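Single chain ahead, by itself, as structure tokens, in the form predicted alone.
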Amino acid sequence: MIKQEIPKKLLFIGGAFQEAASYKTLYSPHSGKAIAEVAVGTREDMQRAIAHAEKAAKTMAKLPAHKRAAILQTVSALLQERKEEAARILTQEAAKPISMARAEIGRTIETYQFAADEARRLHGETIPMDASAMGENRIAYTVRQPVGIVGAITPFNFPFNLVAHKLGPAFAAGNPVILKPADQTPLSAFFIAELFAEAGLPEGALQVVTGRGSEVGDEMVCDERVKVITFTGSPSVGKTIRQKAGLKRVVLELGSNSGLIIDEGFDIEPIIKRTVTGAFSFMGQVCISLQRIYVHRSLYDHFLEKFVVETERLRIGDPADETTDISALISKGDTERIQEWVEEAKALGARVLTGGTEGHVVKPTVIVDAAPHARVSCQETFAPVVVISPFDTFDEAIEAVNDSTYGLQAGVYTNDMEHAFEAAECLEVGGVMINDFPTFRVDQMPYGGVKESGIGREGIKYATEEMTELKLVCFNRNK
């Protein structure tokens, strides 16, 4: 029997693919089959990448805005041409159902378009110096200048679009980037590196270094030549990065256990499918996945019945199948973790209305009567698990959503305008979605959280500003 060759993925350093000292086999989360041999970078490889990026920083800083915009627009167009190929990569390396993979690629195409727009309109402002007597006969203005090397550490769940949220703003601002992708999803990173090279990005302005976070990631975070670290991942890793980063700027998006309030008198029929989508899209492996639902007691039983019926309609299967809604979690360890958490919740008095496991697949799981301190309630499951609870007063629901160490986004369905304004004011989150679920995001909006959900904001305009330095220029016209 002829052994099937699998692709070998090299490091991308200094504008070229380069061999590594060792390689690691990448397996499909769905089938368990080997899909690639991926380079394992070392601290020395990261040092070489930083040296190349330091040279590229000078080139990028002098690259005119229209040329930066043109590169980003070209990448968007190239991705449009190869969108089905890109979607298949997602299905292969992340077990993302193909329909969801195509949706992510569509968003990524748009995200690079937004970045091209921001490259053209990045600007400063004039300062009214004569508002102070000391400022008479002076003219001042601000400019935004690239900060320098950006170190990007990205997660597995949206390996095209969340990478775009780091590369796009960095290039729009005139910075080079060293990308350290998630171990499970490096193929998408190498694919996008090829597109940027084809689009004419200067050598060394984008480098992809795969390997252990404790080695290549740590080397990047600690090196003083790297000026910004942008990271999406767990709070524990985010805290470690912030401690090690010193005075360099950090932008941290650290996840959540997003809550939704369904207020008294709201018509639940039109929102059942949407709430099921919010809870179980990409198997719940979404930072703003709907994990906690608080329903007014008068609607609770009816909502539960409808929600469970709609949940059980979801199709489990091969991610490459056009009809699949639910596939394998990213790793066996995640499946085992969720099994343990669900069992803990049951031991604390919770009931599981539907769900269970099937190999590496966690079936969409609906839990009621869960204790607030059960891990399925108070931690981030990152799995297709939702906890549904009743409430009697709106203030009680607000308090329940806020009773979390996280604060990324929350949603409220209500017919009461006063309740809407109360939620907007009182919910301790980075984004409040009125009459929508907390899983809503478009790529131009400011996105980030409070508490353990992180610091800084993504969203192309806001991330571009995070990756620039504001400089004041002042002319003295006094003689």
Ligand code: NAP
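Everything numeric in this text was worked out from a predicted model, so none of it was measured. Start at 1 and count along the sequence shown; that's the residue number.
As for the form predicted in complex with this ligand, it is not shown, yet the points below apply to it.
Enquirer: Can you pick out, from 196, 156, 307, 190, the residue that has a heavy atom within 4.5 Å of this ligand in the model of the complex?
Expert: Contact residue from the list: 156.
Enquirer: Looking at 391, 382, 280, 114, which has any heavy atom no more than 4.5 Å from this ligand in the model of the complex?
Expert: It is 382 that has a heavy atom within 4.5 Å of the partner.
Enquirer: With heavy atoms only and a cut-off of 4.5 Å, decide whether residue 253 touches this ligand in the model of the complex.
Expert: Contact check for residue 253: yes, within 4.5 Å of this ligand in the model of the complex.
Enquirer: Answer for residue 437 alone: is it within 4.5 Å of this ligand in the model of the complex, judged on heavy atom distances?
Expert: Residue-level check for residue 437: no, no contact with this ligand.
Enquirer: Heavy atoms within 4.5 Å of this ligand in the model of the complex: does residue 231 have any?
Expert: Yes.
Enquirer: Can you check whether residue 237 is within 4.5 Å of this ligand in the model of the complex, heavy atom basis?
Expert: Although this ligand is absent here, residue 237 would touch it in the model of the complex, with heavy atoms inside 4.5 Å.
Enquirer: Decide if the three candidate residues 171, 205 and 245 all line this ligand in the model of the complex, where lining means a heavy atom within 4.5 Å.
Expert: Per the other structure, none of 171, 205 and 245 touch this ligand.
Enquirer: So which stretch, 206-214, 116-124, 369-377, 101-109, is the one near this ligand in the model of the complex (non-hydrogen atoms, 4.5 Å)?
Expert: Comparing against this ligand in the model of the complex, the contact stretch is 206-214.
Enquirer: For the stretch 163-199, which residues lie within 4.5 Å of this ligand in the model of the complex by non-hydrogen atom distance?
Expert: Sequence-ordered list: 180, 181, 182, 183.
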